[in-house]
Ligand SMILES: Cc1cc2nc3c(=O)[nH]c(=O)nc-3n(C[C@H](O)[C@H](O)[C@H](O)COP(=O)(O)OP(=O)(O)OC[C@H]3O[C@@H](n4cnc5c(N)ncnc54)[C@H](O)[C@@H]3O)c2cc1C
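Taking the form predicted on its own, here's one chain by itself in structure tokens.
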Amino acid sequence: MGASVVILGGGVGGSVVAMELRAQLPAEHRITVVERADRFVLGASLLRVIVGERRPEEISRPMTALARHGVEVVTGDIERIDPSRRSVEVGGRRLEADHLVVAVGADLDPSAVAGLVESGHSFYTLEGAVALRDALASFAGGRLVVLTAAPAYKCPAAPYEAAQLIESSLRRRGVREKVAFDLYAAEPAPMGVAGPKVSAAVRDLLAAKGIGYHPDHQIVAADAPARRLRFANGAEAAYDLLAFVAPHRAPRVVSDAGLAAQGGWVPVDRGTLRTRFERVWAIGDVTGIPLKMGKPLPKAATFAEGEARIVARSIAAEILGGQPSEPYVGIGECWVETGDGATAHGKGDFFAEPVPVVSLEAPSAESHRAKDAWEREWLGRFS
């Protein structure tokens, strides 16, 4: 009788675990992905939706496409996880696993800041990106603000990319001179874990486009009728159009299961991605992996994918009796879109000590084409 592997979450990390395992395991071993959404959305492409360069249907694929790869897909909200027994309840159905992978990501929680939901557009969701696109299409002038509502969030480059892409789109429409544009960040510097050189390079990119940058501005409340933001340092800011990255939290079902640390994320062994429960792994945005420098490993698709490959090899080795996988080493890369058909490429060793070693190349059309190819390749996996 074959083994059963249940993967909670069908995003970047979960889908990679599933497809890698299906390629490595004989057919008698069952692989199941549990996902609450019926479509996979490539988060990195949401920025293109905001500025009208992609349509929603171009950046999403049906989750059922995994079935063509021999993976069972169960759609529904996870109601309960029992990690000690490796069992999961979904829509009244109970799933038992020999091996369990938790890849449920991070939940967005805009309601954690008073008034924020009513004040602007949360562009880390497909619905929010579309709403922001529509608002920008009719925005002819005024004060435009991009905001990070908390200092830690997934895709650390995304708000800085969004600001530059929006600025470029305003210029193309001929309304840039009528817009005062600012980015208010809860964090002390852009992409801070990548180091001061990368932070400085991103700040220079913003400055070159005339985007005001205001770090260390932690929002405490938003007033939608007055169109004002209030920060913990006593500052206030007016806006006419607001785009924000909402606060993140671990999904409640994960916390209720005792998988997450108090008020935080799922702790794992950083080399193996194992949790404290036997044959239970966690990967991607739901995890908290501390670095030597005192900050956590950023939440980003590049890390989720790398972790997923290690976990898939480990599970396959346990089932088939092969050699254990090599440890995960924390190498990550990303693209930073700067608008006007140019993209910067960054890469680094985030497990390096005492601090990560990361470089960011200057924006180029070549890197922009590489980013396009990466998007096409990723979405092609679901064909």
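Keep in mind it's a predicted model, so treat the numbers as computed, not measured. Each residue number is its position in the shown sequence, starting from 1.
Beyond what is shown, the protein has a form predicted in complex with this ligand; the following relates to that form.
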| query | finding |
| --- | --- |
| Proximity to this ligand in the predicted complex, single hit among Leu170, Ala304, Leu116, Leu144 (heavy atom within 4.5 Å) | Ala304 |
| Contacting member of Ala27, Ala317, Ala37, Val329, with respect to this ligand in the predicted complex [4.5 Å, heavy atom] | Ala37 |
| Triple contact flag Gly11, Gly105 and Cys155 to this ligand in the predicted complex, non-hydrogen atom at 4.5 angstroms | yes |
| Touches this ligand in the predicted complex: Gly258 (any heavy atom, 4.5 Å) | no |
| Interface membership of Gly76, this ligand in the predicted complex, 4.5 Å heavy atom rule | yes |
| Contact test in the predicted complex: His99 vs this ligand, heavy atoms, 4.5 Å | no |
| Gly120, heavy atom within 4.5 angstroms of this ligand in the predicted complex | no |
| In the predicted complex, segment of 319-327, 341-349, 65-73, 40-48 with a heavy atom within 4.5 Å of this ligand | 40-48 |
